[in-house]
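As structure tokens, one chain now follows by itself in the form predicted alone.
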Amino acid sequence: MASPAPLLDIRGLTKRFGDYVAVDGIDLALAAGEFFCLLGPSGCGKSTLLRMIAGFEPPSAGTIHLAGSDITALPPHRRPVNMMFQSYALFPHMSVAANIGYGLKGLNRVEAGARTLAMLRLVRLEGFGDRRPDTLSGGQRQRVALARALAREPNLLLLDEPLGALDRGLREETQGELRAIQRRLGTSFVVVTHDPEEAMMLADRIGVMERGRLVQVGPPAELYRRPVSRYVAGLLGDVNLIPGRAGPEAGEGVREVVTAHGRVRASSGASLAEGAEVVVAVRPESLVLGGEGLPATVDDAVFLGDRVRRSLTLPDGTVLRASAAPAGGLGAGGATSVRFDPADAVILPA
């Protein structure tokens, strides 16, 4: 059975500013109803990519198809796409209801009023229609901006750092609301963020950007457990990197790595020549202390309630971090060993 055609299909999309390449030949396909996050640090090209999809930035090369139609050269107002900015861009002199209904000029008054009321209910702001934006909290203003962006019922909603202006507690609460609204509507969302936790909380799939390129795309769990590079591994959370050289294959998708203190086994998705310099990437929660493994010394142990975070050092000076449920012993200065399941570690080029 053939796969359904993607809602958004980007091919070879490139943006140059003089000699500087901001977005470099990106291919990307998004399914209808998908929640997709573009993740990366400032300057990696994620916002430029979003602006090209919205029509605010003309591409230097490549094509953008939406629902089977080529929209590459269409102006923003003719695209079935809406964009929500980090600043929210609400009109301060208008009421909440007027802000939400601003883009509904093609509807008559009754239809526009009904759509506005439906949007107020969707974002749980019934009774706030007559208020001005400056009387609302940051989280409420964010919901007004979201309601306005959704009022025109776009095929695709683009959100550029939509939660960046909120404090941590409110951001976490609003992440859940944003995800719930997207699921209820079934509208495809593309969110730009520099926050890995936010991307993993929200997304069906994440696209990691580095220097204008998409370096890995996949579900959050896949990117976290199977990063393709040190860059992706570090971006998605705390990671230990144990240096060594690629050894022989040790089963399907597994090979040995020869370290300075013994041999370990880890998953290997890349084609690596035997003897090549590599690192074994393993998350702190996947390290197991004690038993047959690499010798290590505990430098520090910090109790954090549901877990103990330990800093360890291998004899060659490699620093590791382990996170585990509280248990007795293994305080600072103690000798131990570290090991891990090969399925919980991945071999990456050094």
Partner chain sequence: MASPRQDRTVARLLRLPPLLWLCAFFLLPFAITLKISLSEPATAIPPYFPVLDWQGGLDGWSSFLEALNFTNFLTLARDDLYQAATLGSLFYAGAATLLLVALGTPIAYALAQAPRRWQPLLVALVVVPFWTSFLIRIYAWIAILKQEGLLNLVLLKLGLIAHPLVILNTDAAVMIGLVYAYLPFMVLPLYAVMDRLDPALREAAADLGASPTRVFWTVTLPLSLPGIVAGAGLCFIPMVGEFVIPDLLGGSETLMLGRVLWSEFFSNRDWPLAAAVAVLLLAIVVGPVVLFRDSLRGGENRP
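Values in this document were obtained by computation on a predicted structure and should not be read as measured data. Positions refer to the first chain, counted from 1. Between two forms, the rigid core is the largest collection of C-alphas that superpose within 1.5 Å.
Keep in mind the form predicted together with the partner chain is missing from the figure; the text below concerns it.
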| item | value |
| --- | --- |
| Residue 186: touches the partner chain in the model of the complex, heavy atom cutoff 4.5 angstroms | no |
| Contact label in the model of the complex: residue 109 to the partner chain, heavy atom within 4.5 Å | no |
| Contact flag, residue 169 vs the partner chain in the model of the complex, heavy atom cut 4.5 Å | no |
| Any non-hydrogen atom of residue 97 within 4.5 angstroms of the partner chain in the model of the complex | no |
| Partner-facing stretch of 260-268, 226-234, 145-153, 190-198, counted where any non-hydrogen atom is within 4.5 angstroms of the partner chain in the model of the complex | 145-153 |
| Residue (of 129, 247, 218, 103) lying close to the partner chain in the model of the complex, criterion heavy atoms within 4.5 Å | 103 |
| Of 125, 71, 83, 181, the one that lies within 4.5 Å of the partner chain in the model of the complex (heavy atoms) | 83 |
| Joint contact, 18, 44 and 47 to the partner chain in the model of the complex, by non-hydrogen atom at 4.5 Å | no |
| Residues from 78-95 in contact with the partner chain (non-hydrogen atom within 4.5 Å) in the model of the complex | 81, 82, 83, 85, 87, 89, 90, 91, 92, 93, 94 |
| C-alpha of residue 95 off by 2 Å or more between the shown form and the other one on rigid core | yes |
